[in-house]
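Below you'll find only one chain, the form predicted alone, shown as structure tokens.
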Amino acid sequence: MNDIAIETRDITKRYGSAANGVLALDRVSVAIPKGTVFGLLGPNGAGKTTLIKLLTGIADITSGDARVAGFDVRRQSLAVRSRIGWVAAEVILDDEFSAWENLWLQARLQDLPDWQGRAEQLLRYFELSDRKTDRVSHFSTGMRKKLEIALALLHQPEVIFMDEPTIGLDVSTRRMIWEIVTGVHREFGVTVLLTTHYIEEADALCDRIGIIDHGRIIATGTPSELKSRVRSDVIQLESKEPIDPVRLRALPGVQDVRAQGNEWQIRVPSADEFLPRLFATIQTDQIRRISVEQPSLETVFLELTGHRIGSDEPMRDIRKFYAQVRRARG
């Protein structure tokens, strides 16, 4: 029996010509076991949504191979689509329809017979039964997200793709979605591929994580395995006046120094041992701000890529993409 839910082998996606096009994914290989929550962690523009487009058959693979739920994505796309669910970055439902009517529409799109029992079960699970006849336009953000996940589960998929499921949500709603993702995975036994640029989210939800940057997966492992790769602390320092980097690099224990203006990142084996040496070299009244980061997924990403995960890239046209996905899975 094949225990792999999603497998890619050197899949590449290039938009445009080889000479002038954009390389969105570069030879990505990953194997995701059945029944796990796999997180794809990286900044906006790293290639996360492109990978989902390829795995769902929305976009063509330039080269390489991919299998989802045991089926070849290119040659058996209908079989793949019948076995996957989708949760978009934004909740996009038919606002003038009730919760039940949204489920009915999803059943029609997917040609599902005898869907009512499953729909009732999902409404009970997500505590929406008493609102089934209410228009979605009257729902809170959290309720709308619950209904969107219910739609994705209606046809009992083997794999669910969740693309930035908590982006733009407040902290309390985000935490609620975390609990839902964990519960859905446990209750329905589906494999979840979740994309995110939130470090804390990946750490809290995922059994395994793939770190992606500039179209390439540069590391995979459990959160603990990834953190164990960094055996050092990172000191963040902002000084009032410029500091000679030679002075910092000369201090015992310094493994790396990176500067941007008057802001410094100093990597050392132990911050507790290093800080007295730093304060003996730099007068404390010249320090505007200082903090210490112990090994985390953030420091792993920083060490592997040389930069932090940012979220200032422009959002993609998610509504257009979602419409494509909904039509395809029907």
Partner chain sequence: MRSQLWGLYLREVVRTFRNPFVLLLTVVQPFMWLAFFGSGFSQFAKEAASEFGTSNYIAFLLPGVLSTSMLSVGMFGSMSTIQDKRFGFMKRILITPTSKEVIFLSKAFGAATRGLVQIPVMVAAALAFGVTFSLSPLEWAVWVLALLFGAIGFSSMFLAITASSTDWQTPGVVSNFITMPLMFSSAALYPSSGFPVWMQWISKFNPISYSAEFGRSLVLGSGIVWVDLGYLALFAGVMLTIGYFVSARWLRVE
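Residue numbers count along the first chain shown, from 1. Because the structure is a prediction, the values reported are computed rather than measured.
A second form of this protein, the form predicted together with the partner chain, is not displayed here; the remarks below concern that form.
K.L.:
For the chain seen here without its partner, which of 174-182, 212-220, 232-240, 79-87 has a heavy atom within 4.5 Å of the partner chain in the predicted bound form?
P.N.:
In short, 79-87.
K.L.:
Answer with one of I92, L251, A259, A204: the residue that has a non-hydrogen atom within 4.5 Å of the partner chain in the predicted bound form.
P.N.:
Contact check passes for I92.
K.L.:
Tell me, which of W104, F139, Y198, Y125 has a heavy atom within 4.5 angstroms of the partner chain in the predicted bound form?
P.N.:
After the contact test, the surviving option is W104.
K.L.:
Is Q110 part of the interface with the partner chain in the predicted bound form - any heavy atom within 4.5 Å?
P.N.:
Contact check for Q110: yes, within 4.5 Å of the partner chain in the predicted bound form.
K.L.:
In the predicted bound form, does R267 have a heavy atom within 4.5 Å of the partner chain?
P.N.:
No, no contact at 4.5 Å.
K.L.:
Applying a 4.5 Å heavy atom distance criterion, does L193 contact the partner chain in the predicted bound form?
P.N.:
So L193 does not count as contacting the partner chain.
K.L.:
Under a 4.5 Å heavy atom criterion, is R135 part of the interface with the partner chain in the predicted bound form?
P.N.:
Within the cut-off, so yes.
K.L.:
Can you name the residues of 45-59 that have a non-hydrogen atom within 4.5 angstroms of the partner chain in the predicted bound form?
P.N.:
Stretch hits, in order: K53, T56, I58.
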